[in-house]
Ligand SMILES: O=C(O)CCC(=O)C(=O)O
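Quick heads-up: it's one chain on its own, the form predicted alone, in structure tokens.
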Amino acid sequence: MTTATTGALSPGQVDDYRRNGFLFPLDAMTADQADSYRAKLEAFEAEYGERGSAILRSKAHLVLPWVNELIRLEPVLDVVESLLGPDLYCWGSSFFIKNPHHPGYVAWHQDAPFSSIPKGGEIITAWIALAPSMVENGCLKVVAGTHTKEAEHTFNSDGSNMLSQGQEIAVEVDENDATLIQLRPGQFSLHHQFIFHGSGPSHSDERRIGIAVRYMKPFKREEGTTDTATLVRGSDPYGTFIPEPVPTADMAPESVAYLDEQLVSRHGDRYRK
């Protein structure tokens, strides 16, 4: 696939995404900018340890201003606007970090059945690389055209499966059908909420570091508005989400308290501080 450096997607790229359920590689920022964000992340990890790792797993943009910058990268928003329109929410963000020679893998799965996506909403995930994401360090892999319907999943107790519930698609997936999403620092990919995807273990000395940002457009909800999200472009004529505050400093106590409250509300017992 060709790289879109700036601006909106071409009609051909939109068609590719609609047909395949994913698109890559695309440019989010320069390699130097990606290195700068990686340095911020690794400084945060060094300062906050396990608490920092927990923060990075979900909605770190609510407590870290530099992550709030990452969810608003103009080249990424331009591309997502080509698919969802001019009004865009960031519904969630999660860092996916795989350390060198880590045996963990992510089983084949779909996002939508396990992510509490609001009824009526459609999510496009932008996976933004802050370090090389290659076959050797367990890059994302997807199966084209598997995004048209929800698949049945099973659950297992394999400790190497990094998914929180041990979920795995209940149908056999031929690895020969997979497309490997290899990205350089500063590049990103898009994938649909129902695409079959996973990743292998790391056999590399290089960390794999990426942030998955979940984008949605406003929509008219059947139920009352109780969920929260961050409007990153345009406006919301429906009041789809309760607006989230923007952090002013790293780990400000009021921001951390708000994040904890929101994650407990969304995930219940599956969230731990």
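Just so it is clear, the structure is predicted and the values come from calculations on it, not from any experiment. One rule holds for the numbers: they count along the sequence shown, beginning at 1.
Form predicted together with this ligand: not shown, discussed below.
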Ok, A54, L231, A212, A31: which has a heavy atom sitting within 4.5 Å of this ligand in the predicted bound form? A212
Scan Q182, S199, T146, S82 and let me know which has any heavy atom within 4.5 Å of this ligand in the predicted bound form. S199
Contact segment among 147-155, 169-177, 69-77, 103-111, judged by heavy atoms lying within 4.5 Å of this ligand in the predicted bound form: 103-111
In the predicted bound form, is there a heavy atom of this ligand that lies within 4.5 Å of any heavy atom of L140, even though the partner is absent here? yes
Indicate whether this ligand has at least one heavy atom within 4.5 Å of a heavy atom of W127 in the predicted bound form. yes
Taking this ligand as it sits in the predicted bound form, is H61 in contact with it (heavy atom to heavy atom, 4.5 Å or less)? no
Would you give me the residues of 89-108 that have any heavy atom within 4.5 Å of this ligand in the predicted bound form, in order from first to last? F96, K98, V106
